[in-house]
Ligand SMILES: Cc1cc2nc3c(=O)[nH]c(=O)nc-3n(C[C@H](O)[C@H](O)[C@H](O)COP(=O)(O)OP(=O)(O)OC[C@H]3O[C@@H](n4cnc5c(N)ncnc54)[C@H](O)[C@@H]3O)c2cc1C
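Presented below, as structure tokens, is a lone chain in the form predicted on its own.
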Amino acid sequence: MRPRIAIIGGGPTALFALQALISSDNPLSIEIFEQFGQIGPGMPYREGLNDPRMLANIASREMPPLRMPFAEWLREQDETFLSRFGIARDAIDEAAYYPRLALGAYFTAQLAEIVARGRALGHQIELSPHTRVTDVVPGDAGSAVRWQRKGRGGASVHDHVLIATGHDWDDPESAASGLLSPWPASRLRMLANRRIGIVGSSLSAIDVAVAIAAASGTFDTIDGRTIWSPGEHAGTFSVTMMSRNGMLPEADAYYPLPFDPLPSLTKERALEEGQSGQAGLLDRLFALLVDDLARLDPTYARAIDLKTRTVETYAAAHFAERLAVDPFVWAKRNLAEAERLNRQRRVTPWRYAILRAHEVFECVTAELSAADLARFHQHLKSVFTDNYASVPHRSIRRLLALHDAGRLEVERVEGEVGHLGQGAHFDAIVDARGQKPRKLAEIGLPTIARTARWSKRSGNDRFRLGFAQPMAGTIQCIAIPYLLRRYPFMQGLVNAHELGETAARCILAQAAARPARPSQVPEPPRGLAMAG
């Protein structure tokens, strides 16, 4: 009997998992459940949820390929398709950033090719759109996936289940704060010509500002300079972006791929330090980072007196110069520097070092003690987040255009931003801070929420959930919101690729070791405590 595999969620992570699964020499039975009508794009790239002007935060060259690399696929599209997304054929480049909806079309097309390839290889692949999974119940004959589809309920038994549900946003209608959600983006057009506050200053917040500005006026490029002109009814339209530090993100800077390893803080060294024990692990890793930064960029090290810095004091020194300058002055200066370095294909040594260190810390944060993980989140994470969350140059130009037109400001706020009563000078406030970490108790699958726990596993098994009651097969959670507490850097397509492939390897290893069992829908286990 073929191993039966359920993938819950039909976004990029599911596509990467499916592509890896069909490499199996043994025939598999795979079903993808997706609550929306389209399988492939996922929430960040889906039509209807995103505005055509919203840019993906990853360059083509960084995107893990599916059946065909993205830029190569773009070159095969006709002029009608390219013009729909404002893409000039002669400007297609591996280093360029493209609209999210263009990536969504790519994922949809790649899904069709992967499915066709998998079926040609003898795998059974079933796609189930408009199907909301309501529970997953583990049992000794497999796990029952319970679902609702167009008012009809059902269940099917699978040997292996991948929970890959992707982004999970609060329902803005039920949020007590009164803050508006940026999704779906079509709702942002209703905020045109009004005074808008935006919580956050990352690319998500920039996308919100650009979408509302485009509904209130027009962006144009004249003599290489981006300008914004108000529409007929723009009136007092304005945007204020609010964040704790009052900074704007930096423009994407050049770096080579693949990354060169750091001299001291390598993944191998970090894992060795982890094996030496949790006590003092964060401080040992930080000391290695300090040594590498001092060696690779002594000017930067002297400027912030790096050798005297600790985990608790480094970020303040790192951001001090930037915080002392008007954010738009800094943004203009930083954009010019990034454009020059991209033309010259040169790196800023400290930026490139922090970018590489981010990958090292990413592989060991799950090994930190609870106290060190809290220290990392409070004191160090912002340096890495700011570095890898740099944004497309076009986005910075649009922000500068809005500011030059007198319509955009950045405000530093203390504490949490509440509803409109806290900011009566806004007609509406949009919460654009991005995905929040979730607990398993919030996963929306009652049996999993009640009985599952994170297991202390490594390698290809590290995303497997543990259960007190014995069960057949595996259940893995590779939904990013539920991984963020243990893996704080788990974001984007590169991680989606790693998650999908890792989960697929786990399944293929298990399937090779254990034959599939006959179908029998199990009942939910009772009385087991959940560890979130």
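We number the residues from 1 along the sequence you see. Keep in mind the model is a prediction, meaning the values are calculated, not measured.
Same protein, other form: the form predicted in complex with the ligand, not shown, and the subject of what follows.
At a distance threshold of 4.5 angstroms between non-hydrogen atoms, residue 195 is out of contact with the ligand in the predicted bound form. Of the heavy atoms in residue 463, none are within 4.5 Å of the ligand in the predicted bound form. Residue 100 belongs to the set of residues with a heavy atom inside 4.5 Å of the ligand in the predicted bound form. Among residues of the shown chain, residue 488 is not one whose heavy atoms approach the ligand to within 4.5 Å in the predicted bound form. In terms of contact with the ligand in the predicted bound form, the residue from 507, 475, 496, 28 that brings a heavy atom within 4.5 Å is 496. None of 159, 431, 207, 292 but one reaches within 4.5 angstroms of the ligand in the predicted bound form through a heavy atom, and that residue is 207. Here the chain stands by itself, but in the predicted bound form one stretch of 357 to 365, 127 to 135, 273 to 281, 336 to 344, 127 to 135, has heavy atoms within 4.5 Å of the ligand. For the three residues 9, 45 and 58, a heavy atom within 4.5 Å of the ligand turns up in the predicted bound form in every case.
Contacts between 6 to 38 and the ligand, taken as any heavy atom within 4.5 Å in the predicted bound form, involve 8, 9, 10, 11, 12, 13, 14, 33, 34, 35, 36.
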